[in-house]
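Below you will find one chain, with nothing else, as structure tokens; this is the form predicted alone, and questions on how it binds or moves follow later.
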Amino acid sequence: MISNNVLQIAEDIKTMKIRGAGAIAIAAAEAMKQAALTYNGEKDSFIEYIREVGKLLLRTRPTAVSLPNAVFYILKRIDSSSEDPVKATISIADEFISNVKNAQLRIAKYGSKLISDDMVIMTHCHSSAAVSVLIEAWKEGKRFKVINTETRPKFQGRVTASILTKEGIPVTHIPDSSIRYHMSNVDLVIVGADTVTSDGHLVNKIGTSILALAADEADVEFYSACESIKFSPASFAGGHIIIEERSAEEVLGEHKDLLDKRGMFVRNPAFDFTPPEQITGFITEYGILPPRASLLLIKYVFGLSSGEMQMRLLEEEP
């Protein structure tokens, strides 16, 4: 039986109490660690149990590729470890969490080199990696301004604004619909990522593709700050990126009674695709890479066969 603390982490990921691909990956690894720490079944049954925990986590946020990469990273290494599987799960989860946290530090260092004094930088939604770049540049003594979007309908941009202003970074908070209006005053765009495909497409919070289009029109460089765990091995193996559709109530809020009106429908996709042609580069822990280098990064970090293995696990019945 899966423990309550593991179930709570899964619920927090599903309901977006835990946000940001890096935070989601860390939470998934922590859930698997907690599953091992609280396991009291037969030793021979542990592998089957931890796979069930993995499948539970995989179905919480189908678009956030960092989640299956976290689960797969741990499961794959448990299989090849000579250590007791329970102990191996704990140590591998700790290793993974450390790697993700260190990745953001390296991303911050690489990304800060793109920023100079008096810049105006636009960002969208909330990304811990993108925020880390801005904070690092500020700590290095660079002085700039940030324009950030509300990011409807869940207003994750408010989280970004709160964090940046606490660091003393001046922020102008804008409605999503005014992106193009403000772009003429922008020098650089930095967003996060939920998924990067093997051919360099960026899957990120809905509205990102509009931001990239406006930046391309204004000849403004557009970067995505993202850890390698956000690159999708499954996309190389033919896996489809699922765009999560969230509830109508998120869009309508206090006006949700409109759903009772005949002919009233709501679409609420959580993410969209930005093509590689509109992306200047990905800021990763391995450096700043052009979009077409995505496949090389996947091959280096995961190996190309890992995509097929991930797909098989995702397709198994819960």
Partner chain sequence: MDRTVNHGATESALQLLERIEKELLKTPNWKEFSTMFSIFAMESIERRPTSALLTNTMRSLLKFAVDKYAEGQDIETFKKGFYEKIEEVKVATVRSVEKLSDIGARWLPDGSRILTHSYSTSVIKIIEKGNRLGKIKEVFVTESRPGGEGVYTAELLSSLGIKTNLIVDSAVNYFMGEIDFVLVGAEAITAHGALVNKVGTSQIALSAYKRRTRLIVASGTYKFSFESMLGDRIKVPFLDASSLEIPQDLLKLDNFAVSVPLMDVTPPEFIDAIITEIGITSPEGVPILLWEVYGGWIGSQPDIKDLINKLRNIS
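Since the structure is predicted, the reported quantities are computational estimates derived from the model, not experimental observations. Numbering follows the first chain given and starts at 1.
As for the form predicted in complex with its partner chain, it is not shown, yet the points below apply to it.
Relative to its partner chain in the model of the complex, residues V251, K261 and V266 are all within 4.5 Å by at least one heavy atom. Not displayed here, its partner chain is approached by P153 to within 4.5 Å at the level of heavy atoms in the model of the complex. Put simply, V171 is close to its partner chain in the model of the complex: some heavy atom of it is within 4.5 Å. In the model of the complex, at least one heavy atom of G207 sits within 4.5 Å of a heavy atom of its partner chain. Interface membership of A88, defined by any non-hydrogen atom within 4.5 Å of its partner chain in the model of the complex, is ruled out. Listed stretches are 79-87, 100-108, 210-218, 228-236; the contact stretch with its partner chain in the model of the complex is 210-218, by a heavy atom cutoff of 4.5 Å. The partner is absent here, but in the model of the complex a heavy atom of I179, alone among L75, I179, V186, L114, sits within 4.5 Å of its partner chain.
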